[in-house]
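Take a look at this single chain, the form predicted alone, given in structure tokens.
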């Protein structure tokens, strides 16, 4: 009986809580069932472990079910830089789609559970689910838009960058059904600094300043937004 109950409770594409954020959004019930038959689920990586490495063969599109990850790239001088942070419900792996080899390394920031749509099945499945290609194109486009926004952010002051980063994390968590005003920053100050192209000491100093202004409260990596409008005002024109 216990085994039967466990099977009934198993998470599938049809009953996953991330269905409005992941690949199934926009698919019909029949299409979601077809997708669910080939998706590899419940792959676990612990903090610090890689989901994939730069230069490794593209094995498919990954959807984070829980936990968060960072994407690392390498500049011309061989220095690692944080390209992006990924939250539950977001897709990653697009950096390997065009060349079939990943351009970045994806590292778990905490314990993560993810699903994978196998590479060899994407083209085949797209033939039976015409809207799948459009959905994957839309998701990759969203990440491209995010990178454009990041480049525009680099023109701002350090304080504006940190304020914008905090608000963006808040909004992304809100869209995924999590608390928007109090959350844990799984990324280190060094990672945030790398992403925003400022020193990690500057990140810590600015967060302390924001706390002094009554905009946020910080306890280790736990962050509470006290005045979201105030943060928005720091970088909104």
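Residue numbers count along the first chain shown, from 1. What you see is a predicted model; the values in this text were computed from it and never measured. Each form is matched to the other, and the largest set of C-alpha atoms that superpose within 1.5 Å is called the rigid core.
Below: the form predicted together with a further copy of the same chain, not depicted.
Using a 4.5 angstroms threshold between heavy atoms, residue 169 stays clear of a further copy of the same chain in the model of the complex. Using a 4.5 Å cutoff between non-hydrogen atoms, residue 95 counts as a contact of a further copy of the same chain in the model of the complex. Interface membership of residue 157, defined by any non-hydrogen atom within 4.5 Å of a further copy of the same chain in the model of the complex, is ruled out. Residue contact with a further copy of the same chain in the model of the complex: residue 198 places a heavy atom within 4.5 Å of it. For the three marked residues, 123, 134 and 144, a heavy atom of each sits within 4.5 Å of a further copy of the same chain in the model of the complex. The partner is not shown here, but in the model of the complex the stretch 74-95 reaches within 4.5 angstroms of a further copy of the same chain through a heavy atom at 74, 75, 76, 77, 79, 81, 83, 94, 95. With the core held fixed, the Cα of residue 142 is displaced between this form and the one not shown by less than 2 Å.
The distance between the CA atoms of residue 76 and residue 152 is at least 3 Å longer in the model of the complex than in the form shown here.
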